[in-house]
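Before any questions on how it binds or moves, here is one chain, the form predicted on its own, in structure tokens.
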């Protein structure tokens, strides 16, 4: 079978399940992974014969795509902030809005770290390690730690730190049960679970059926559960003038702002993402 025939078969198998543009994107991603060919090379070599092994890999991928499994889990990797990351069913797939959070932190902290002042950072609920590792890569003179409740996620995060050539100290911790944090920090950041149960109906099947629920959802009755636990620990473990950054649910910005004021945080700033949604909060003690 040549590439042209493979592409035709691939599109036919997924037609009706996904938009044609998305099917094309899937084919390009899988071709890069399984055939080591770029989109341009695919277009220039339609008659190139593929191996039986490669064809079988595509067929297995089709079955998983028919089950609405995310393409990132199928190939086992994704990109975040221009860096490669391994991902699997134990890790949330990093989102573009989280890249905006990282950019927000870097823009705030880079002038400090470039002055050779060492800053300590803690990422709570690190998952794949994307926030901690992107910060470590882009903030010189920073010492970064990260915690997560999932041992499986931490295993992937450690691999990602090695993959990207950075040092991050990872700890296995349940933030809802933690009475303290390892030390004092200049900056604490978290992208905790914040999707309420009532919002599940808005989620796509690939998220609902495959991404880890513990990294996504909170109850309708207590949607600030994680923010409350983290902010209370941050009060005790942020250095003077230390900063706290959150990624947030767009519908909970007002409620969370009120909570942070009650906890004694100051200079609370809500920042919108590129779609105009309240997506980040910064504050300090």
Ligand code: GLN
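Residue numbers count along the first chain shown, from 1. In this text the structure is predicted, and so the values were computed from the model without any measurement.
As for the form predicted in complex with the named molecule, it is not shown, yet the points below apply to it.
- Not one of 100, 253 and 278 is positioned with any heavy atom within 4.5 Å of the named molecule in the model of the complex.
- Remark: of stretches 148-156, 191-199, 126-134, 81-89, the one touching the named molecule in the model of the complex is 191-199 (heavy atom within 4.5 Å).
- For the chain shown alone, residue 168 is not a contact residue for the named molecule in the model of the complex, no non-hydrogen atom being within 4.5 angstroms.
- For the chain shown alone, residue 215 is a contact residue for the named molecule in the model of the complex, at least one non-hydrogen atom being within 4.5 angstroms.
- Mapping the unseen interface onto this chain, residue 95 counts among the residues with a heavy atom inside 4.5 Å of the named molecule in the model of the complex.
- The partner is not shown here, but in the model of the complex the stretch 243-274 reaches within 4.5 angstroms of the named molecule through a heavy atom at 247 alone.
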